[in-house]
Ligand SMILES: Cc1ncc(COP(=O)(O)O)c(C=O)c1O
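Single chain ahead, written as structure tokens, the form predicted alone.
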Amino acid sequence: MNKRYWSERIQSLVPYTPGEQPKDRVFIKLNTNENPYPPSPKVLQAIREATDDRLRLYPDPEAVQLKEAIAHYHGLSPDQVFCGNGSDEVLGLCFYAFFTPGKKVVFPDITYSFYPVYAQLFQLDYEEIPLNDDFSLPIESFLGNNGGAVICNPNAPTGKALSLSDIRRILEANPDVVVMVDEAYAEFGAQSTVPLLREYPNLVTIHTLSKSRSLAGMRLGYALGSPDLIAGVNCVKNSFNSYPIDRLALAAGTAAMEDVDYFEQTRRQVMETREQTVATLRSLGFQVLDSAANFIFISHPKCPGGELQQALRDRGVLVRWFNKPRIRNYLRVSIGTSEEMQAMCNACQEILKG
């Protein structure tokens, strides 16, 4: 590839690699943490009602209706909400808004792999702090002496969650910098930091409608923080793209946030299926980390991660394998329907017998 005309900023940049989206055959798709259940019927109705001649007009650049729905759900004011085109975009805007070159940003060495990409893209100094041997977060290493911290809670790809008391320690030890808590998976079992927003002006939390509200295809995410922090993210957004969310997505997101009953029903189903799957896999000799997310992190002493991933793919089951130090013998398995997870477990049993 000829990079002659590329800017110096991206010459050595290694971009994020998303999970496989297959087109050649039908798989049981457990590799990208999508929700196995459809969006709320009210979401689909809202999209149909928004599909009219108004699509010729620009959408609301401030996403007022969606912000109000999110604020109402969390018990906040709309000026504490920022909405964007998926939580990945929201994360990127927050990295740019809150972290400064020359001041080291810290995050774990095993976590969402977009964090180092953003740090490199925005020419930030950063340190990847090694997780403990049991994949827990070494809290002491996040207590000060940094230019900001990023924590995925529960963590990806491990699924392990931090307590609010641990997050409080990190916030209190970093009063002059932003602590960003990525809660993409928190609604499947972790304690949300949203209640801490009233106490800590240096806290910003990132959320997505892709996982617990089945809207990965609409690309909707949001940040919560003090009005001052949110104003900073808006400053970056309006210097880059004033209209990041289209009309259909705004309608879908508002309906999804308002249909709390459907959200509670489907997330409970995912959590129940997760616990059933964990029990089955452990009975087959798998090591399965305790998870507070809509995925599990598994390994087996008799089958290397890469081989197991390929063997499952050969049997029509897609899971995620990260060929990285410390975790290359693990697989991240998204939670599907109970039928899909039983099929995955049956495939694992067949592989192990072979």
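Fair warning: this is a prediction, and the values are worked out from it, not measured in the lab. One rule holds for the numbers: they count along the sequence shown, beginning at 1.
In what follows, reference is made to the form predicted together with the named molecule, a form of this protein that is not presented.
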Are all three of A156, A184 and L220 close to the named molecule in the predicted complex, meaning a heavy atom of each within 4.5 Å? yes
Of these, Y112, Y262, F107, F95, which has a heavy atom no more than 4.5 Å from the named molecule in the predicted complex? Y112
Option touching the named molecule, based on a heavy atom within 4.5 Å in the predicted complex, out of I245, A149, A256, C152: C152
Out of 263-271, 134-142, 211-219, 186-194, where are the residues with a heavy atom within 4.5 Å of the named molecule in the predicted complex? 211-219
So in the predicted complex, does any heavy atom of G232 sit within 4.5 Å of the named molecule? no
Contact between A249 and the named molecule in the predicted complex at 4.5 Å, heavy atoms? no
Would Q80 count as touching the named molecule in the predicted complex under a 4.5 Å heavy atom rule? no
Quick one: is L91 in contact with the named molecule in the predicted complex, heavy atoms, 4.5 Å cut-off? yes
